[in-house]
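To begin, one chain is listed below as structure tokens, in the form predicted alone.
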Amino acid sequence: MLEQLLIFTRGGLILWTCKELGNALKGSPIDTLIRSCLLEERSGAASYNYDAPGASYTLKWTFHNDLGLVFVAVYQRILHLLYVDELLAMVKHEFSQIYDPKRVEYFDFDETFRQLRKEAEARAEELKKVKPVGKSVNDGRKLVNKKGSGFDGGNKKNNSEANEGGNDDDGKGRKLENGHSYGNHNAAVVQGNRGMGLANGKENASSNNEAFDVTKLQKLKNKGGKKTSDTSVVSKGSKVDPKKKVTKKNRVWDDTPKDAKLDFTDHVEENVNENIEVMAADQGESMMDKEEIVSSDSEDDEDEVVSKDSKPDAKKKGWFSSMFQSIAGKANLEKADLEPALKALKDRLMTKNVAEEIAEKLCESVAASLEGKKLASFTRVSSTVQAAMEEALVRILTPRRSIDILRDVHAAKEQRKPYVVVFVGVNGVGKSTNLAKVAYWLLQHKVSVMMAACDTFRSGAVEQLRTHARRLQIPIFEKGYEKDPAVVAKEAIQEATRNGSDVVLVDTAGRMQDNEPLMRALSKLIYLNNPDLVLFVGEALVGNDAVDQLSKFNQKLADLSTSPNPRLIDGILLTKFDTIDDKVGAALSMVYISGSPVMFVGCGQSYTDLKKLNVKAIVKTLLK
């Protein structure tokens, strides 16, 4: 049974809802659909599933882009209603006939909807009646095939039928024998008679082709034997002393002086701390506090590129018809009109390192928002598609909530507790380095910071964080290696509470998204300490792997958590952003797949090389 059908404008004004359908919905499925699907450019999907306590709903929708209307149907997921799509199309057609932008109430549409629903349900019942007949016919065919193949009577019955067929006619007997030999072989395999041979010549030929050539194996053995014998002779003649270390000597070229050493690092003892350079707030202002200026160049050349890409697919039109269409405008945009421009945009996004799956979903969402819309005068399809894609990209990359960390830090300070940030991610993306950049930025805003060395797995991780703490002159909490990182983080937060530190930056070990033991340890750390912010540190160099990393991190954190409401990733820190030129698609892929904003961007190796994500610059680069 249909639970609810709702008609509202893109601005959020509810025009009509069916009062006869069911009881009140559990939870807020329509609000969730708008927030997480329609506003996030996922409207190209066929349906949306919503889980509430005690109910599971499926939502389907359609748009009338020319009038700016949204039609949403809600029903129980277990029912699998077949007539919902047809009903939505009928309601869309009938309601568009009576729609008036000045009207707010449509009570007269109740009777029309009642008739449309009866028609849709009657067609669905007819389909249900037709389907069992088809099943019975198929079942009858299966029974005939089973009787003809002779599986019911066993191998002896099959062989006797084959012999009888061979006595009647030679040609028929051969066909019957060939037809039954394959079935008998399969039955023999199922029953466990592995020793029976194959009667069909084709099967013997295929088995011979798949078999490994023994002569080749013997040749390989002979070659391997010769090589091993040669190596054994060399090893016997050399007589290397096992006690002596064999060191590789540098090649000495003629007329060149010998190098004294290749290691030019100054080895300092661990107890001597005076020789370590102190960098406390000496590198200038962090790039986080600087506004990036984006040049507003005209994008006419970009539109020309899109139109050039779309020209080969479309038929050539006369100059008069094209001029008249550009002046008068087209009645309604169809999917065939949008496909060339969308294909060119999809290829362009993929060249910018956007994951293929994300680029395809974006194009489907843009097509759904433009299909049926009237094209304005003096406007090309390519420019309309590009403007819609630009709006979609800005909407996706713009954070849905406040990401002002300094305000949250001061709010936690008023509650007399430290603000805890946990840095997570895969191996080698730069978690410790960018943690130090964030600490430097917080120090510039007069915030006291403490580091927690919870990477107790990787060798040198504690020493690396200790070096950053000495250079920035901030305290560090460490317990060495092979300790439980969740317990270390908890003790670090307790120490920060006693010392009055405002922020605790927790460094964790790098782990692949498929490593379940390490992911379980990370889930335990987050569940036990309940941090204020979980930052995923990811490289800007990755393409399709960004989708896999973020989705599996969120999935593992949800699956392995013992809490009914598990904590997921709250924000993203993109590293190595200065090495990608215009391949900025990883930012879009990560934000789209997780719904979390990019809060920091690492763009260098010094402490000041940390900045905010400039949404306008990213969108311009993606569509360039």
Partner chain sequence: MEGIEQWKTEAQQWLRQGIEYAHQIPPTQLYAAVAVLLFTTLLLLIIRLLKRTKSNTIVLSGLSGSGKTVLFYQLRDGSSHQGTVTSMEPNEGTFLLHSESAKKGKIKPVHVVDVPGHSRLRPKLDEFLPQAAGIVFVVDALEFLPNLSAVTEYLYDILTKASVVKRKLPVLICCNKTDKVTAHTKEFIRKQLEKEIEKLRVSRSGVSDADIANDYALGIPGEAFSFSQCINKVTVGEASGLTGDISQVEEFIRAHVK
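Please read all numbers here as calculations on a predicted model, not as lab measurements. Positions refer to the first chain, counted from 1.
Only in words, not in the display: the form predicted together with its partner chain, which the text now covers.
- Among heavy atoms of residue 116, none comes within 4.5 Å of its partner chain in the model of the complex.
- The shortest heavy atom separation between residue 380 and its partner chain in the model of the complex exceeds 4.5 Å.
- Using a 4.5 Å cutoff between non-hydrogen atoms, residue 407 counts as a contact of its partner chain in the model of the complex.
- Although the partner is absent here, residue 17 is a contact residue: one of its heavy atoms lies within 4.5 angstroms of its partner chain in the model of the complex.
- Of the candidate stretches 581 to 589, 555 to 563, 46 to 54, 33 to 41, only 33 to 41 contains residues with a heavy atom within 4.5 Å of its partner chain in the model of the complex.
- Though its partner chain is absent from this view, in the model of the complex it lies within 4.5 Å of a heavy atom of just one residue from 59, 573, 70, 569, which is 70.
- With the partner removed from view, the residue among 473, 402, 97, 499 that has a non-hydrogen atom within 4.5 Å of its partner chain in the model of the complex turns out to be 402.
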